[in-house]
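Encoded as structure tokens, the following chain is the form predicted alone, with no partner shown.
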Amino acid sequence: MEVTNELLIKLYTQLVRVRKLDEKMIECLFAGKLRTFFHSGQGQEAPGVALCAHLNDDDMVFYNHRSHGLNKCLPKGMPAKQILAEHFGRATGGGNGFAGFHYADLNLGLPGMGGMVAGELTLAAGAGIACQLRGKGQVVVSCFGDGATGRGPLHEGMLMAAAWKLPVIWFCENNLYAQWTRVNVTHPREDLSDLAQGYGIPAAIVDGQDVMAVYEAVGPAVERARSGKGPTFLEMKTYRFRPHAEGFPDFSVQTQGGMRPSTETEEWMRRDPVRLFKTSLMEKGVLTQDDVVRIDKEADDEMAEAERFSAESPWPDPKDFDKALYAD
């Protein structure tokens, strides 16, 4: 896909929208408006935004729990108000108010997320079989964090995808911490993409703070999957700026007796993906200060409208619960 100024501004706009919705989630949580908890993904916006820029509506994304999938669901096309309303527990939410933050929209290629880490990885392989059988060139992306790579479903899914050349992209957002445990405590190797070698799956390590680096890495993987050549493993090196979940003590902060050194956090925050890309585009003359102000305001207005919509939406009718639980 040609990199035009229009595309660059679109990517920046999506980064801002994802960051603003994440901030709105936290604001509403502490105001007592959310019926759920929230795992912020601030710092990890770039991987999902760049990924979705390559995908069609009928390509499927199995998102993971970090940020509750905001960096995939929002740029894939799910409206902010539909995402926020689900967290408010309202009938207009992406799970009809019954699912907490496990929203879904098959028309957008978002089949949803389970409650167990790595639970979707074998489902992604199964979806890959369905896409292969349809023969329409659809791609399936299985998103997961470093913690999920310690579970069996990843290896079951990768084995099947490799053996059958399924159109699946294994999309690892390695933010170094599975809740409060650093990846070097649980894994013998630093690069999780090494796992792909055993299955003969091509892999790449990507700077997850650089949205263009992610964009350039995803393109060949999507092309490979669409052309029937099989899976790719992409490892995003990224970082979450906030605690594992909002309101939880961040035991990973070293000053609180944990393992995450404040110098490490500060170093990664200097590579904020939103600020990095804004600076780059302004230096190249793609964005002006007026553009930045306008994009910020439009995103603020969108999130304020999503909050109003969510607060005014009806509660789900318990009688409809069976409709959400069982197929017709």
Partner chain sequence: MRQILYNAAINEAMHEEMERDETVYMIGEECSQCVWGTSAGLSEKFGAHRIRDSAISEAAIIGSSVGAALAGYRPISYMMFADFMMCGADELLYKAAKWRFAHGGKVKIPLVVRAPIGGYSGIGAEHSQCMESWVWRTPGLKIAIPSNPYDAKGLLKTAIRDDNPVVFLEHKNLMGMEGPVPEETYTVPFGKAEIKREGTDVTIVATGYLVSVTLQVANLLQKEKGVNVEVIDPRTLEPLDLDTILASVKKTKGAIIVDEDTMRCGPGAEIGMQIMENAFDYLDAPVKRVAAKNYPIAGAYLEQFVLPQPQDIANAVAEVTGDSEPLNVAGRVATKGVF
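Residue numbers count along the first chain shown, from 1. All of these numbers come straight from a predicted model, not from anything done at the bench.
In what follows, reference is made to the form predicted together with the partner chain, a form of this protein that is not presented.
The shortest heavy atom separation between T181 and the partner chain in the predicted complex exceeds 4.5 Å.
Remark: E156 counts among the residues lining the partner chain in the predicted complex, judged by a heavy atom distance of 4.5 Å or less. Within 4.5 Å of some heavy atom of the partner chain in the predicted complex lies at least one heavy atom of M60. Contact annotation: A204 falls outside 4.5 Å of the partner chain in the predicted complex, judged by heavy atom distances. Only one segment in the set 234-242, 247-255, 213-221, 86-94 has residues whose heavy atoms sit within 4.5 Å of the partner chain in the predicted complex; it is 86-94. Exactly one listed residue, out of A148, L192, M113, L74, brings a non-hydrogen atom to within 4.5 Å of the partner chain in the predicted complex: M113.
Taken together, the three residues F98, A127 and M160 all come within 4.5 Å of the partner chain in the predicted complex, as judged by their closest heavy atom. Along 293-328, residues F321, K323, A324, L325, Y326, A327, D328 each place a heavy atom within 4.5 Å of the partner chain in the predicted complex.
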